[in-house]
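The data below hold one chain only, encoded as structure tokens and taken in the form predicted on its own.
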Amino acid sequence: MASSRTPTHMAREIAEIPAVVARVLADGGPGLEAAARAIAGRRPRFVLVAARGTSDHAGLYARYLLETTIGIPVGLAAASVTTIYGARLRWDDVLVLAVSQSGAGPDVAAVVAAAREAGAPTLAVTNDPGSLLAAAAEIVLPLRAGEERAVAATKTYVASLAVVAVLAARLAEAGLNDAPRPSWAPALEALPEALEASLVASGAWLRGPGEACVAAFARAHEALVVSRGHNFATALEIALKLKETSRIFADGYSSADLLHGPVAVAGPEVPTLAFRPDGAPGSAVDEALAVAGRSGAAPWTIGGREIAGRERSLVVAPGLPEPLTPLAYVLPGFLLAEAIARARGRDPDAPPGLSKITRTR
């Protein structure tokens, strides 16, 4: 069991996230700008994202961000179409964006290799520029996160979101689909400071009101995690972290999907965590939470300035534009998952049955 007095690798790596994002912005900027110009020159009309596990959630964030920023459709690849069924796809006008922290997954690399062979532009977002995936792709966008020792990915996940965010902004600036420069792009420069402030606020909350949240989840066998829009990826990611580190059967939902049946499991015995951004996505989350509340659910909420003063709430990054909030909101979620694992007597660094690299086909 990990000692509660000695910081876990997971906790240390969460603490490194602001510095990692700063490196992405500083060191990765020229490469991302060059990649954006090269892609814009190919004028793709569709983006296909290939990923697995935590990287799948980064891919989902890419889907929301690219569709809302660039205005071209984005889909998620089914790798088995290539690796198991051997189907030959038409890759005309398709950009393939692969996300994998290790870059070692044969199935994701196979999708990229097939697309590149057929003439599609291919991008690999990975923490290992020497990996199988990097070799398969035409353009490699490194995460610059350094070694990640905990099995549960944290700093590489947020680094992936940062790379995707910068790429989306640069694609718009390069003129892809005649998209205007996004209004949130100037906030990229202040991201490291916003993430550091999020960590400070989250740590203080966990040492105070958040202790009750940790205790409630530590007692539970199942849980709900809810959000909407760009933070749908956050809900799925934190639900995965609760499964990985604490063996809690947590399900992540879009608040809209929650209302299409799963809300029936809500109740006082199923703790609920909501990521509630300001604006229209947050109003949609509120509607779902109100329905869950009729069954006795009393959610904890992480979000922006609009939740200030609510019970069981934590306000983080109140000035951050909504498309960038997934980078800040996921941090208290990571810290919460790490604390819940320790409260349940589990080692969040090395969950049983899991390894850092999973090779599926």
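Numbers follow the displayed sequence, beginning with 1. Owing to the predicted nature of the structure, the values given are computational and were not obtained by experimental measurement.
This next part talks about the form predicted in complex with another copy of the chain, which is not shown.
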Listed range touching another copy of the chain, judged in the predicted bound form by heavy atoms within 4.5 Å, from 126 to 134, 188 to 196, 203 to 211, 238 to 246:
238 to 246
Are 114, 316 and 328 jointly within 4.5 Å of another copy of the chain in the predicted bound form, each by at least one heavy atom?
no
Is residue 45 part of the interface with another copy of the chain in the predicted bound form - any heavy atom within 4.5 Å?
yes
In the predicted bound form, does residue 155 have a heavy atom within 4.5 Å of another copy of the chain?
no
Test of understanding: in the predicted bound form, would residue 149 fall inside 4.5 Å of another copy of the chain by heavy atoms?
no
Are any of the heavy atoms in residue 89 no more than 4.5 Å from a heavy atom of another copy of the chain in the predicted bound form?
yes
Contact residue in the predicted bound form, chosen from 284, 139, 118, 218 - any heavy atom within 4.5 Å of another copy of the chain:
284
Note that another copy of the chain is not shown here; using its position in the predicted bound form, name the residues of 219 to 247 with a heavy atom within 4.5 Å of it, in sequence order.
221, 222, 223, 224, 228, 229, 230, 240, 243, 244, 247
